[in-house]
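Given next, in structure tokens, is a single chain: the form predicted alone.
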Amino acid sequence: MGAEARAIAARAIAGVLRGASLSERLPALEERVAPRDRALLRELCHGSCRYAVRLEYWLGQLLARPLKTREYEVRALLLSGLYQLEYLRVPPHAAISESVEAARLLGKPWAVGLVNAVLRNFQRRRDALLVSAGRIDAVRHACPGWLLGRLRRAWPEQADKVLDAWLQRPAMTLRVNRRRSDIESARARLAAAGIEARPVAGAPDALRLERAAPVERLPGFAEGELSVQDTGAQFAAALLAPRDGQRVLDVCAAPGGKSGHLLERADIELTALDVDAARLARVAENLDRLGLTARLELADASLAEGAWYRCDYDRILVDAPCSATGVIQRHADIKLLRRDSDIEKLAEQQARILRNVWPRLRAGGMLLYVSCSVLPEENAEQMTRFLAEHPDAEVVPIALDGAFAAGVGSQLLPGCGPWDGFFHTLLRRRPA
């Protein structure tokens, strides 16, 4: 029933409000919902997170008194109810009645009247609430104020496009495994299954779907012919350009998309590192589906220890841990999970990793620094500091159509091309 999906969505959103990501919470919760309601569950979760800043503003205007802090599930249920009334084609009476029933399913009988009153009050006051929301920049763009400020300072001319993109549902892009198929063959198989896809200029292995589809419907996915990977993420393998026989290190490799792409492009000896055992297991699963092999190592790349550190490499990919502000369109919960204070801590972690892996790069070798952030503290400023500390590093110019110059790197921005937000800098190590 619809109330059950709404109750479980409230539990998932409440987890985000407590600090857990949807990618952690949602898969297990989906199993508790009838298959016919899973699309609704996902839409409620992602949409409520996408518009959370605006929904929270409205909720504050509608509540006679603030909710107690511990009432995460009731707050989440109210946010998802407001999302349905404003952004989904759900009949208002159904959105309200099913949300009211969801309060009972959550074991919150005291909240039944509150949910009913708040959602009906929104219907009555909707026009005025829309006007007042439009007067506040952060609420109008449904973006946390700290992030909005950083974005406008970093990208004043492009900020509005990025903000608009963050409020759109993400496109679905596939990567064709060139060891098992090719663009035209994969596109034809998709078309035969009723799935329209088109190539992406500048990304020779990419197909962008006209409409997202479950992976189980994608012909060739289970056989390893296709992977789901954003266009921006696919540029890494081409920029690093490994050659047959080279030893390559992929730092912070999970979930393994870039590892797989590197192995699809060349016969290399790849070592994939990650500090999280569960995420490293996902790398193994993804490579197994693709029919590829790598040496996987559970290790912290910021520490000079482990088997990986006793080797030298021709190519190193540093897929840096970052704020993930470039992929908000795909992971809307980042708006709720990130804090302004995180940026400095992440930049310090990135710097430690870069300093630690650089000595493992052979003279003449190449290191590609990648982040899925749009913030210069993690990107251009990070590279400027690194180059000042390492005179044996030289920048290799890269050209990506549609990207913006960002110090010594190249920045892809959401809303400014068919991609998420990614930063790339390519470095060569000079001989001693």
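None of these values were measured; they are calculated from a predicted model. Counting begins at 1, following the sequence as shown.
One more form of this protein exists, namely the form predicted in complex with a small molecule; it is left out here, but the text below deals with it.
- Figure note: of the listed segments 270-278, 152-160, 239-247, 287-295, the one touching the small molecule in the predicted bound form, with heavy atoms no more than 4.5 Å away, is 270-278.
- Looking at I183, you'd find every heavy atom of it more than 4.5 angstroms from the small molecule in the predicted bound form.
- In the predicted bound form, the small molecule stays beyond 4.5 Å of every heavy atom belonging to V176.
- By the criterion of a heavy atom within 4.5 Å, V74 is excluded from the residues contacting the small molecule in the predicted bound form.
- At a distance threshold of 4.5 angstroms between non-hydrogen atoms, D319 is in contact with the small molecule in the predicted bound form.
- Interface residue among D312, E223, D300, D340 relative to the small molecule in the predicted bound form, by the heavy atom within 4.5 Å criterion: D300.
- Among the residues V118, L361, C252, L85, the one placing a heavy atom within 4.5 Å of the small molecule in the predicted bound form is C252.
- Site residues Q61, P144 and L148 are none of them in contact with the small molecule in the predicted bound form, judged by any heavy atom within 4.5 Å.
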